[in-house]
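The structure tokens that follow cover one protein chain in two forms, given apart as structure 1 and structure 2.
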Structure 1
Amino acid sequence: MKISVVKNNFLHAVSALSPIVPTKSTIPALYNILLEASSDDGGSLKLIATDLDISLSQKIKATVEQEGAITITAKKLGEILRELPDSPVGIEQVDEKVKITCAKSNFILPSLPRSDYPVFPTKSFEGAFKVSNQLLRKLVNATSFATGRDEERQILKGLLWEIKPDEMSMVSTNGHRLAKMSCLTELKVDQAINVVVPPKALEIVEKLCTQDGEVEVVIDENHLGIREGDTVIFSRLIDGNYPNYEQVIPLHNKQIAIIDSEKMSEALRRMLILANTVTHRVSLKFSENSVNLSVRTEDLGEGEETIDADYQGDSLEIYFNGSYLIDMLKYNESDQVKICMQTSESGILAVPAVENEKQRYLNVIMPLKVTE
């Protein structure tokens, strides 16, 4: 392989790939970036990195003298490129090493053969459906915070992405809370698709695809592929059946409170200062037209605050993990939140007070059981 590339383009691509490269791995090839030079389309260089969960490729223009593929240590390549002057960078394979030249600088780096590198998923984007970047970002933001962290329940570490011809939803739950956002949109899919995706993959998409536009999405039984221009991301899917979350969404709620989101969030933050650092327990007492928030933790002290609420139901006291409520309020786009309850021991449903026809957002939060 022998090519020449514009330094800044090369550095930009290597920097985009660097977060994917693992810092520690039992597979040495993963420390490397795979470079594939091709004379097609007037000459291009494809850079590939993977941590086996997520694989990312970027394509840049290159003057290709000789086609080929090599792998180079990502860390050292990035460090060298950052220090090079603004001149074309030459890359040449010399036996089992790589020679990098720029202006008067020459570097020789060790290389591993392409065959040692994991195979980049080769799913074609023919037949892919398109999704707006903005919509994808919104769905990921509004739901990824509620994913589980428990190694024992891998499926809950992922985001359930439900794709229908006229609607797209994302759901996440850790067993104690659930977040779901659905948006009406037209998608070119023949049938409903449900996949469980690691949130890290979608967060990387969110970072890389910052411009408003559309990304192409393709899904097979093992991978989710997303392409925007010359950037391609493949993520492995999480195997298994996602729990039937719909059965935990409380439907027949008699007690309904409408509260100002900002005021509630501020009050909760104040209460959390004195809350137990593990359970974050906060008590919410609903009574006519008000909610009393209180916290009492041995050794730390106690606090209480009452905020206005539109509530006409029975008096009700429920204990919650306060940080769950704050997370829910953060992504509730409406100024007011509607909290629907049944009893002090059943989960609550929180939705924006003002409904949006094109976008539905809901959170279910289970109360804390208090044994005193």
Structure 2
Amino acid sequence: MKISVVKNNFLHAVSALSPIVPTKSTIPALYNILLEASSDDGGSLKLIATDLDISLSQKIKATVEQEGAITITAKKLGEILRELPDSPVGIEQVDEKVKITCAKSNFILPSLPRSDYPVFPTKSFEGAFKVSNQLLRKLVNATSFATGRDEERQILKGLLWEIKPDEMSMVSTNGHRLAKMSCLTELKVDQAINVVVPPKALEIVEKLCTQDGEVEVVIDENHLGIREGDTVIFSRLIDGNYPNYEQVIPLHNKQIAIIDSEKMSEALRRMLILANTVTHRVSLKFSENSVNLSVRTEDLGEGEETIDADYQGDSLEIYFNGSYLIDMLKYNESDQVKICMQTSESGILAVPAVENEKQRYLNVIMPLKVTE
């Protein structure tokens, strides 16, 4: 194998694949990126990375003197490319090592044979449906923050992707909060599809794909495939039944507060400076036309701030993880947020005060106990 590639194109591809490379593995080859050089289509270099759950390939143009395939350590390759000057980069296989040249710089790195590397999944995209990248990006960003981290509840570590012929939704929950966004869109699917996808796979799609293009999507019982141009991603789906999240959404609420989203977010950030670093507990006390935010933490201090609110209900004090509220407000596209409540011990429903006709966004956040 002997090729030359544009440095910035090579660096962009390696940087895109690096998040796939595991930090710990019993399989040495997984620390590497597979490079496959081909003279077809005027010359190209295909880069592949996998952690066995998610596999990603990208193809870039290359001047190919000799075809071949090698693997090279992803971390060191990325570190070297970031420091190289903006000149063509040469890659050459020398026995069982790889020689990297750029301008007056030369590096030799160890390599593993292609035969040691897992086979990239092969799946036809025939019959794939297309999704707007802008829409997919919106759904992932507005929900992925609420996924769980509990190793014993793997299903909650995924995003529930609900696909219908006229609507697409994503849902996430960690048992203490829930985020859901639904958007009206026409999709060429014959029937409804519900799958649970690792957020990492969709976040990589969101970073790699163009702003205004479309991706092709294929789904079977165990895998998800997404393709745009020369970028292909395959991911295992998370097996199991996602909880019936609809039954925890509080729909009958007596107390309604409408608050300026930016002012509430700013006040919460100030309160979190003195909040408990584990629970991030902040008190919200709703009174006529106002909400008082306060925090009191032993050894750290206390803070208090009152902001205006359109609220006419009974006085109500609820304790929340302030970080959860900030996450929710970040993706609330309305200037105001509507907080719907029942009691100080029940979960709240937060929605944009002004709804978009083609999308619905909601968050459910459970309160903290006073003793926490």
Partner chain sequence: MSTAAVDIRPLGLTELVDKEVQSSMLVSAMVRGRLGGTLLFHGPDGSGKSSLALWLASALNCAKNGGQGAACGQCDSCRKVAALGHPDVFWSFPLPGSYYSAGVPDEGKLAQLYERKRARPARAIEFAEKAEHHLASVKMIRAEAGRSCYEGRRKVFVLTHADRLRQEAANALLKLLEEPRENVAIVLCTSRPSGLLPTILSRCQRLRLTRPSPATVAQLLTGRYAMGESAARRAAAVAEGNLSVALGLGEDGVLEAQREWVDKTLAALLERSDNLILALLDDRKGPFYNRGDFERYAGLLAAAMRDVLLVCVTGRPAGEGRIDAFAGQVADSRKLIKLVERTVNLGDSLNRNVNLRLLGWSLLNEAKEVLGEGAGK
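Under this definition, the rigid core comprises the largest set of C-alpha atoms superposing within 1.5 Å between the forms. All values derive from a computational prediction rather than experimental measurement. Structure 1's sequence is the ruler for residue numbers, which start at 1.
In this pair, structure 1 matches the form predicted in complex with the partner chain, whereas the other structure does not. Relative to the superposed rigid core, the position of the CA of P113 differs between structure 1 and structure 2 by 2 Å or more.
After superposition on the rigid core, displacement of the C-alpha of Y31 between structure 1 and structure 2 amounts to 2 Å or more. With the core held fixed, E96 shows a CA shift of 2 Å or greater between structure 1 and structure 2. CA movement of S15 between structure 1 and structure 2 equals 4.7 Å, with the two forms superposed on the rigid core. When the rigid core is fitted, T63 shows a C-alpha shift of 8.1 Å between structure 1 and structure 2.
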